[in-house]
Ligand SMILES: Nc1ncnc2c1ncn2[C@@H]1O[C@H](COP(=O)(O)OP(=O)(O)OP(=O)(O)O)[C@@H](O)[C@H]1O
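The chain below stands alone and is given in structure tokens; this is the form predicted alone.
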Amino acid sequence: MLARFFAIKSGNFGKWQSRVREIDSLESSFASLSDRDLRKESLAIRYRANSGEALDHLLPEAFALVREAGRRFVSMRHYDVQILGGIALHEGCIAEMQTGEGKTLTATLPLYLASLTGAGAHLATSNDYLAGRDAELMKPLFEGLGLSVGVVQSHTPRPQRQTAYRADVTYSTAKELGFDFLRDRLLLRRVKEGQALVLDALANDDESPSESQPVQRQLNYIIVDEADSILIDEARTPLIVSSLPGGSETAMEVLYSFSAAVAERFEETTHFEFKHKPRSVTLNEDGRKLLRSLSFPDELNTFGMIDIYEQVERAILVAREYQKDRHYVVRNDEIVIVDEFTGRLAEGRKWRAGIHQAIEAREGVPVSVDTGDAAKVTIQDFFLRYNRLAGMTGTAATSALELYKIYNTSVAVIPTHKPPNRSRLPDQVFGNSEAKWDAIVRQIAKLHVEGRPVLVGTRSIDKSEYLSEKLNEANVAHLVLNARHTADENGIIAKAGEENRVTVATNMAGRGTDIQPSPKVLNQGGLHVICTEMHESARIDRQLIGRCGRQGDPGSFQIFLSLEDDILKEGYGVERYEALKKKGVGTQGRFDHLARLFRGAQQKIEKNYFKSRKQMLYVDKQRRKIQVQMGQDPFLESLG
């Protein structure tokens, strides 16, 4: 219970409210200043910070300056609840702010304050699009106060990265921040071994950028946007900088291709056993006999049978569990992973242990070299290396205990500027997927005729495109937003709140997007959101639902489910899943009374992932402890 008390931080709200009133009292004095004098005030506060005055003491003046800069330079004045959110972020909390409450503007307050000492402040987003958008949107505010702004995206060249990290405020993605940290450590390792130039200018901001210098400075202060997604959901994926191994690439390619070609010959239970948790395939004796009876290419003579068994098992697992246009897409003869949590392409990421190569062989694209690890860090470990860590999201309270235990950060639930006005229609559960999709199309068509805009959330690319086909058959005009259709993302989101609009999207529309219903639409009931399936985490569902009913505007949502939905298999296992499926075979009837089973499955999955993350953190800490005791760098895997 004590941990729960500290995980949800509410005891400081009285003190914070007092500080908000103090900031309010300064507003008129700063509003009367010219742009030049406002900048002078900012420089004066910066001088005081560098002279040792505590940031806590400077907070009221600093926040009042930022509020005035927001009003003046980006036409956005911080609401009092945003000031509260800024104070929570300064104090190292995870600020839970409902969708539509202006987290991007809120972040400017603590970012400005943290940057005053000259050590820099970072904001980590979940994707390049949001990093670039937020930096561009808030740049006039910071520059009006005399601060520089940098942005680091996946395509940013190294010299520009060095410049961006030396800016007062830097926007980037969690992935790029972590990879640059690892690449810097590899560079420092080579320096230590005499393989690069001396880094005399490492901590000197006046030096011009150089290829021989690390790109990052010290890790001072960071705000993690969509903190639950990055700090929890993404925590299971380590960031890895790879090194090329030795060995015959040709022989490996033949092994991958051979395994993919024979995978379909093996039948479950007859030739192999499949375990759902964890997902794994193991050939039984009959399966191994079948494999040995096949004719092998000469190139496989260099491999032992154990190696061949293992790769064929991977190929069977890939054929059974990894679906094109759900888990990955094929683009320009490459396999690109789709991040289920964000719905976006995970550029540069690869599955490990031969899985990625098995998929490449299955899809007939060039098989990449299986790389070894040169440097590795988990999301958890990387963010804990910052002097101060804070975060913001619309969905954190349900994960407060986990965030407190792993990151020692409390969740501060910030009140909304206006009371929410979002209505929930009853969940509908169908016996099979086809009946569910037909009902969804009927509901969309009905709302379309009424003129209300509809946002439909799907769990994968293939399902978004399947629904698109059914809407075409029903002559319902619509737009599709998924990882394969991103060219006009801004335009699609900008129009999604207009009358008669139907937008079918993956999770790309679930985080960081702001759909503004037109005045006429608000009179008709506002945006309606349809959830076509439940996700592994309730927080992802809440993010999608949060697109409607923002800032006190009317809106509504409804969840459609079927007894064939994957979440039942993931939560309860294959045996119970198959039993539930049988109930709905050949029926158009409803099973609304079984809706609670879906939330139960979701909770089981969330619990299992929590256990997995705790175990990963424990193992990682033990590994680092041993490596430090041996005098090794715990982040460099295979260089020593």
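The shown structure was predicted, so the numbers you read here are calculated from the model rather than taken from an experiment. All residue numbers refer to positions in the sequence shown, first residue = 1.
Another form, the form predicted in complex with the ligand, is not on view; read the next lines as being about it.
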| query | finding |
| --- | --- |
| Heavy atom contact within 4.5 Å of the ligand in the model of the complex, the stretch among 104 to 112, 398 to 406, 144 to 152, 497 to 505 | 104 to 112 |
| Option touching the ligand, based on a heavy atom within 4.5 Å in the model of the complex, out of F73, Y79, Y165, F266 | Y79 |
| Position in contact with the ligand when the complex is considered in the model of the complex, options K175, R539, H122, R547, heavy atoms within 4.5 Å | R547 |
| Distance check, E360 to the ligand in the model of the complex, heavy atom within 4.5 Å | no |
| Partner proximity in the model of the complex: P214 to the ligand, non-hydrogen atom cutoff 4.5 Å | no |
| Heavy atom of G100 within 4.5 Å of the ligand in the model of the complex | yes |
| Contact label in the model of the complex: R352 to the ligand, heavy atom within 4.5 Å | no |
